[in-house]
Structures are given as C-alpha cells and as structure tokens.
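The chain below stands alone and is given in structure tokens; this is the form predicted alone.
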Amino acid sequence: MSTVVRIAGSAGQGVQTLGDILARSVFRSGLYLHGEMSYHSRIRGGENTFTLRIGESPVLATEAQADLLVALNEEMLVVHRPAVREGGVVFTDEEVGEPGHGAVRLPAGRLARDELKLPIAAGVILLGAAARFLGLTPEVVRAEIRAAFGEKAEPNVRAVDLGYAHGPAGTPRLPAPRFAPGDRMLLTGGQAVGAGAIAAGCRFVASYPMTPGTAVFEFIAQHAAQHGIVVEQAEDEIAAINMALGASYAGARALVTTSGGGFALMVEGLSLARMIETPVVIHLGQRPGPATGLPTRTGQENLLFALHAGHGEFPRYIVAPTDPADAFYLTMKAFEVAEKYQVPAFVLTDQFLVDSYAVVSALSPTRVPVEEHLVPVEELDRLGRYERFAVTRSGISPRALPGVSEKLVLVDSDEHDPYGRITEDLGVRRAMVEKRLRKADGMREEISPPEIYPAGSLRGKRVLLGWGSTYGAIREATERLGEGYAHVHLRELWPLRTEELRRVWGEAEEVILVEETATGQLGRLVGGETGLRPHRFVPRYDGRPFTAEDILGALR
C-alpha cells in the first residue's frame, strides 16, 4: 500500500527543490519513501517531475500513476493529468486553465506576487497545500525549508504557511510513523556511491562533469576538506583517468566518475591501469546512448561496454548496486578489490539509481573491512631486490610505493619483466599475461552469489532475472505474481559466477530476463560464458525506469 505524489513543472520552476523538501519532510515524519527525479536536458522549459512514493515498508521502485499531482503550469497539467488515479487529486494554480474534476485550484501565483513579492514562491505555496492535504505537520516542512534555503528561507517559510492556510485538509493520507529518528537514512544513489568511496579511504577524485556521474563528484567535493580528499575537475576524461592513475601510483585510493561518452574517452587509460597494475575505481553512471543519446534519462546499455572496453586481455571487477544502501557497500568493496588485486573496478550505476531517493537502514562502514594492501616499508627494506611485477601463483605482485625506500619502483605501459623493465622476450611475455589473468580466479571467489527470492528451490518456477537498479520493480512484480514466480538478481557481474546460474537454468521452468536495453546484454553475457540463454526477454529502452506494472503488463 503506497501513496504517490507527483510534482510536475518546467526546468527553472524548482521541481527538484520542492521534491527534495517534500521527501525530507516525509522522511522526518518516520515514513518510508522512494523519490524519482525525471527531467529533460534543458536549463529552462521542458518537463521535470519528482515522483514521491510513500509506503508503510521500504519502497524501492517508482510508479506511473499518482494519487496527488501538483502541476506547476498548464502544460504539465495536460501531460500528467491522465496518470492521476481514479479518486486522486490535482493541486494547481487558479490561473491555470481547466483542470477538470478532482482539482483544487489555489491562488498560489497571486499570493506569491501580492503577499510575498516573490513570484517563484508559487510552487512553495502549492507544496504547503499538498503537505497539509497529506497530513504532514507544518513544523517538519518549515524545518526542511530552512535547511534547503538557508538565509533566504523566511519568505519560503511564509509561502509554506500560506499554502497550509489556503489548502484543504485531506482525510488521513499517510500511515502512522514506521521508524524513529536515527533509525534510518535518506540517501540518493549518487550520495551513497560518494559516501562509500569516502568510507573506503578514497583520497583522490578526478572527473569531467557528465550526467549522471556528476552527482557523485559533487557529493565528494562537498565533503572533501573534511576527509582530506583531493578533488580535481579535469579538462577532459582522458586527463581525469590519467590523473587518477598518477595518484594511485603514489598511494592514494583514486576514483573517477563519468558516464558512457566520458568513459569512452577513458579507455586508453583503462588499459594503462591494467598494464601497470595500478588500482583505480571507475564510477560509470549509465544513460541511454549512443553518443549523447538521452543525457538525463536512464538505461542499462553499458554492461558489455564496461566488460570489453580496453585493448588486450585483462581481468576487471564490475558491480551494479540495486539501491542506495547497496551502492554504499559495493563501492567500498570495489575499492577493496581494486587495491587487493591491483585492477580497475567498476561501479556500474544508472541515472535512475543516482538521482533517486530511498530510505535505508543506518549504514555501517565496518561491514566492509578496509585493509592495507601495500608492502610495508620495513618489509621492503629487508628485501634484497624488489620486483614490482613478480610472478606469483595468485597473480598478485607485492605493490610498493615509489619514494618510501631505496628500492626502485618501476612501471611501464610496454610489456615488462618482473622488475618493470621493457622486454620483448616471448617467454616473459607469456608469463606476464598468465600472471595478470590468474587474478580473475581469486576475484571470482570473492563474488557474492546471486540473490534468490524467495529462497529455496526454483524447481517449476518462472524466474525473473535482473541486475542493478531494476531490483525494486522486479521484486515488487514477483511478489504480486505470487506462487510460481521467483526473482534472481545479480549485484556483482564480473567475474561471473557461472555455477549458480547453471543451477537457475537447471531448476527453473522458464528464465525471463528483465533489462533496460533493447538487446538483453546480461543474457548475451551469460550465454557467452555458459551457453545458457533466457527463454524470454522483457526489455525497456525508452529512457524511463521499469515499474512493477510494466513488468506485469509484459508477462500477461
């Protein structure tokens, strides 16, 4: 059972700010929610919406239909009125056309002009009316207004009060509080990736801004001084990844954050990272391509790109979080795996996850131990000779930092011998290739198995198979389908654990891939590794996220 509120307006009307204030007010009231920001790639105009789904239990997916629409202009009223559920309500300004049955027309624009001398505050007045209708206490909303606007808050506080004074009181729309202050956190996926990087000891971030990767960059930049992190806005993505490799070579845990087109420019640096066995974490926020595509929309089109990018053969680690809590822990693990195995690690998110709000349990950074993977100086001093790329059974060579002892630390993008000197010796080449590839064996053992819901045998069931941020919509669809259906979800995508997937195919009556692509990239990946193919495919590739209704509609 959930209540869906949608705020719709044009870029420049403050939709994100209004949605953020409403989401935080609901959260402060002790309620679960999922908030989805959807927007055109424009500075002014276009269609911006913030969809807030409020529930009695954790909410991880968005919904197409709404119970309450706050339309900030006539165009948004026309576009979104059809998605208001029967019995739903529309709040809009009295100067907006004919909103139809079930509409509440408020003098928001007139009050903002005449009472506040601040026309832009009309949206805040409508927000106040909606908050009263939902049953939120004005004190909670005022506090979030003050947190959002700072020194400029008071006119907006008055605007909220005007909304409460002129808006109708609704019947109880929200459930009783479900959790106490301090029990939960409200996070976006972008904030969670940034917080996970900080918790993992990240000390250097470089990026060229690109939606949706920029949200991570901005979050870390806001907290950089507090945590001693160097943040560099590079001149382009090529510079960004090479800066990160330089920082990592010098001992700083390093991150780059980007999206598809930006990552395309980083690929040469990715190959360099692997040849010089220097760890780096790449946050790749997916959006629909090719080229600029739909720059502010969502999709899962970069899985095979992340897996195959780079020339030559080398292992890598790829994770795809399901929600903000998952994004925090998997980002921490990505740093650990990158450091331990001296490989590039990908945190593969998407616009839907990065920009969405969710209520999660209080995060516990100790759940992912942060360990030291460098050779201690004392041990380095005891070595007669230090070989940066020593051939080992695990493929992991002892990694020392330059300048901390008298031992020379060499790296080179050419093939090299164990010491780090350029070589074209065929035997050494084979040994180094095999050494680097052996790391995949160790990494595969660190991969968590796919999550199976409900737990137990899959015999005779139809399995919905997914990865990444489609988790919430697939889980909700599975629960609504009931007995006979199960949900299998992958969080860690590479190296691929094939034995559990063989079990899924062996037991299930049917495997149905649910993915935001046109070609079914996970199915192609699994097929290439195991020969197993999904029996059916439910695609979505219009730039919008899946809802449970989408999946149910495709299966009926």
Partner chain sequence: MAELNGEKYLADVEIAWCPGCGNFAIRKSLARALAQVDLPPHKVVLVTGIGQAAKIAHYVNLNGFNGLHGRTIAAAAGVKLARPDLTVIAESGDGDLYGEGGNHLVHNIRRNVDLTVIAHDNRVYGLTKGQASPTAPRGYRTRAQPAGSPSAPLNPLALAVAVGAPFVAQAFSGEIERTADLIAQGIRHKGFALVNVLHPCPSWNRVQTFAWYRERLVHLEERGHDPTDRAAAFAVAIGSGEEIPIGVVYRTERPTFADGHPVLAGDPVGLRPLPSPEDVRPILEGFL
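Computed from a prediction, not measured in an experiment: that's the story for all the values here. Numbering follows the first chain given and starts at 1.
Keep in mind that the form predicted together with its partner chain is missing from the display, and what follows is about it.
- Note on contacts: among Q300, Q191, S259, T92, the single residue with a heavy atom within 4.5 Å of its partner chain in the predicted complex is Q191.
- Checked against its partner chain in the predicted complex, the residues L77, L272, A143, L118 give one hit for a heavy atom within 4.5 Å, which is L272.
- For S413, a non-hydrogen atom is located within 4.5 Å of its partner chain in the predicted complex, even though that partner is not displayed.
- Using a 4.5 angstroms threshold between heavy atoms, Y249 counts as touching its partner chain in the predicted complex.
- Among residues of the shown chain, V230 is one whose heavy atoms approach its partner chain to within 4.5 Å in the predicted complex.
- Residue contact with its partner chain in the predicted complex: R253 places a heavy atom within 4.5 Å of it.
- Contact annotation for the candidate site: A345, E483 and D542 all lie away from its partner chain in the predicted complex (no heavy atom within 4.5 Å).
- The stretch in contact with its partner chain in the predicted complex, judged by heavy atoms within 4.5 Å, is 361-369, chosen from 361-369, 453-461, 155-163, 348-356.
- Along 376-413, a non-hydrogen atom within 4.5 Å of its partner chain in the predicted complex is carried by L401, P402, G403, V404, S405, E406, K407, L408, V409, L410, V411, D412, S413, in order along the sequence.
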